[in-house]
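You are given C-alpha cells for the same protein chain in two forms, set apart as structure 1 and structure 2.
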Structure 1
Amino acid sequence: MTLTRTSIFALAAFAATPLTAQQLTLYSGRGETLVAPIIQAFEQETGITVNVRYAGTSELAVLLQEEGDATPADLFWGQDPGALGAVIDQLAALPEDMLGKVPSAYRDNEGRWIATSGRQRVMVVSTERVSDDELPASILDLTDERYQGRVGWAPTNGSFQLHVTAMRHELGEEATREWLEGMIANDPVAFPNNTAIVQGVGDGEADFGLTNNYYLGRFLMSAPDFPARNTTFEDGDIGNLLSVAAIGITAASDQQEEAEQFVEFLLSPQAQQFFASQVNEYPVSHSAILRPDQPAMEALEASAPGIDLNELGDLEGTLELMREVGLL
C-alpha cells in the first residue's frame, strides 16, 4: 500500500507520548513544500522538535563554512552531496550500521554523509511545441542555434550547480566553461528554481528545461494533462547525472544521538515510501512502491554517466566559474 502524507501522520500518531523536549536545528537545502511533512512526522513520533532553516543548498554550505565550530546546526540536509562534500571537515562520522543501510555509491567514502533519496537530472519538454526529432542527443547540443531562446535553466539552484561540478569533473574546466558560455550566448530563459522551470515549460516561456526528474511528477499529480514530459539524453551522457539528496550531522552538534535518530527516520520504510510516492524520488535504503509514471531505478542507472558522487565536492570551484562567466 502506498503511504500518503496523511498515512504517515497516522503512523506517527501511534507513537508513545514523548517524554523529552529535545530540539534539533536543521539546515535544509531541500524545499519546505517537499520535506516539511516528513519532518513533522518525525517530531510527532519522537517528541523532538526540529527547528528548520530553509535556504539554498549552496547558500547553507557557505554559511556553515563561515560559522565553523560555532554553527548552531545539528544537521545539514542538502539537495545534493556536492554541497556536503564542500563542508565535509565539519561533519561527524555516521554509525557503521546506519551507513550499511544504503549502497556504497550513495554515501561518503569516509562515512560523513548519507543519501536520503535518489533523483536524476532530466530535460523537461513541452508536449505541444517539441517534436521527437528536435530532441538533442547530448546536453552539450543545447548550445546549437536551433535551441536559441528555448531552454530554461536555474543557475542559482543547488542541483544545477552540482550538475556543473559533475561536468567539470567529467569534461574538464575549459569544456565546461565553453558550454556555459555557449548556453549564455544562446539566450536561455533563467528561472529561480526547478518548479518554476516546469511551470515555465507548461506556460510556454520555454520549450525545454534542465531540471530534476521529480518536479514534473508533482504537477502531474494535480493536473494529469499538464503539457510536458521528461526526457533523457543518450545513455551515458553527462546530462543524465544520477544524484541523491544527502544529509550529514555536524561535528559541532551536542545532540548527536537525537541527530542520528533523525537520519535513521529518513532511512525508515515509511520515510522512503514518502519520498517515492509524494516527492516522486527514488528510495535508497528500503524498497518502495513507485508511481506509475516513474521509470525503474535500474533504467536511470543504465542511462547515467558513471560518476563517483564523492568526487563532486568542489562547490567553490563551480561557484567561481559561474561568477567568471556572469551567471552569479
Structure 2
Amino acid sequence: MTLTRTSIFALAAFAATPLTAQQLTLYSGRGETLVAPIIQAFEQETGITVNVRYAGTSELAVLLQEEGDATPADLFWGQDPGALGAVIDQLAALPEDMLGKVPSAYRDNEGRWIATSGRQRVMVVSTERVSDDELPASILDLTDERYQGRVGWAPTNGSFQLHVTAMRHELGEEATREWLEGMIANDPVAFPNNTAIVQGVGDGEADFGLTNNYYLGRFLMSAPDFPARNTTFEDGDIGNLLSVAAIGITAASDQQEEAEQFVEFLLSPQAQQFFASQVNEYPVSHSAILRPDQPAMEALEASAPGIDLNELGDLEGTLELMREVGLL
C-alpha cells in the first residue's frame, strides 16, 4: 500500500516536472561511428540532448517527404546536398551570419542547407597493377582503350550521379553522353557503392575506381598494407569535383534556436578539425590541420574544378541521360 502510494507520488512528481532539459531530434544519414563523438561534444557543451535517428540518407529523405509538417525532426543531416534538395520545401532559411561562414558554392542559394564538411571525388588505384605513367590526366581519358575492363564505378550511387550532373553542367549534355557511352563501350566494372569499389580495387576486380576520397582511409586504418591509393586528375579537371555533406533545419521545428546552435557547433573550429582528422574529410568553415595522407587545402582547391553546388540541382536530367544510355 505504502509502496503503491509512493510510486503514485513519484509518478505525479515526474509528470509535473516541466521538461527543462532541451531536446533536439536529428535525422542523420551520416553513420553513427563517425559523427556520434561530435554530437556528444555538443551535448556536453550546451546541455541540449540530441536524439538521433541514424539511417540511410535517402531513406530519411523519403521519410521526411512522407511526414511533411508532422515531422518530429528538427534537423536533417545528409551525405550529399541532393538529399537535402529533395526536401528543400520543408527546410527553413538559416541565419545570414551562419551562411557567411562557408563559401557560397557550399550552401543553398536561398540558405536552406549548409555544408558541414567537404569531400572530393578521386580515383582510387591499385598500387600493385597501376604504374604512375598509366594515370590519366583527365577523367575523360578513361574511355581510352588501355583502360578497357579496368575501371570500377557505381552508377547507382548518389555521389557518382552528382558527378555526372557536374559534367553535364561543365561539358554539356552531348559531351557527357559521349563520355558515358565511351565508358560503357570500354566495359567498366559496376559496383553497388563506394566501399565495394575500394574493396574491388584491393581485391583485383578493377585497377581504377571512381569514388570519394575518404573511403580508402577506412581500409588503410585497419589494414595499412591495403594495396590501393587515391589519385586526382590534373588541376581543374572535372574529375576532381568537390562535394559536401550538408545539414538543414526543418521549417516544422519549434526549436529553431537550439537547432541553429547545433549547426553553429558543426561549423566551429573544433568540429571542423574533428571532420578533418577523424573522418578524412575537408573543413568548409575554418581551416584545420589535415591528416598527413591528405592533400593540403591549397592543393585541393587548386585541383578542384570550382563548381557551385547550387548549379547541380538537375538530378532528374542526369537520371534521364543515364537511362537513355542504358546505365540505369
Partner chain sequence: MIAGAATARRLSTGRLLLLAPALVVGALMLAPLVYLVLRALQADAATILALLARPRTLQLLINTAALTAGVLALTTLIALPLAWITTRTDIGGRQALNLLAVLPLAVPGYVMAYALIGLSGNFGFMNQLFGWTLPRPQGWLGATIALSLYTYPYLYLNLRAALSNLDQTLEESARSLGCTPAQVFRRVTLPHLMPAMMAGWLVIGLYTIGDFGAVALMRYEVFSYALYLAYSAAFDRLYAAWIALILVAIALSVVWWESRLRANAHYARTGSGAGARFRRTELRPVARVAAWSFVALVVLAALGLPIAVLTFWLLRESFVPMLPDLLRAFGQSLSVAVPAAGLAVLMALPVAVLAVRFPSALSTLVNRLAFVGYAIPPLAFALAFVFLALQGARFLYQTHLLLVLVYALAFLALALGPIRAALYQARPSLEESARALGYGPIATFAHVVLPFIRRGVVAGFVLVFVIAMKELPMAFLLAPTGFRPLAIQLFSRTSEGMLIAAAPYAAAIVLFSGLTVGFVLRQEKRLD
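All residue numbers here refer to structure 1's sequence, counted from 1. Predicted model, so just to flag it, every value in this text is computed and none were measured.
Both panels show the same chain in isolation, but it is structure 2 that comes from the form predicted in complex with its partner chain. Under the rigid two-part model of the rearrangement between the two structures, V52 and W153 move as members of distinct parts. Put simply, the smaller rigid part swings 22 degrees relative to the larger one between the two structures, by C-alpha superposition.
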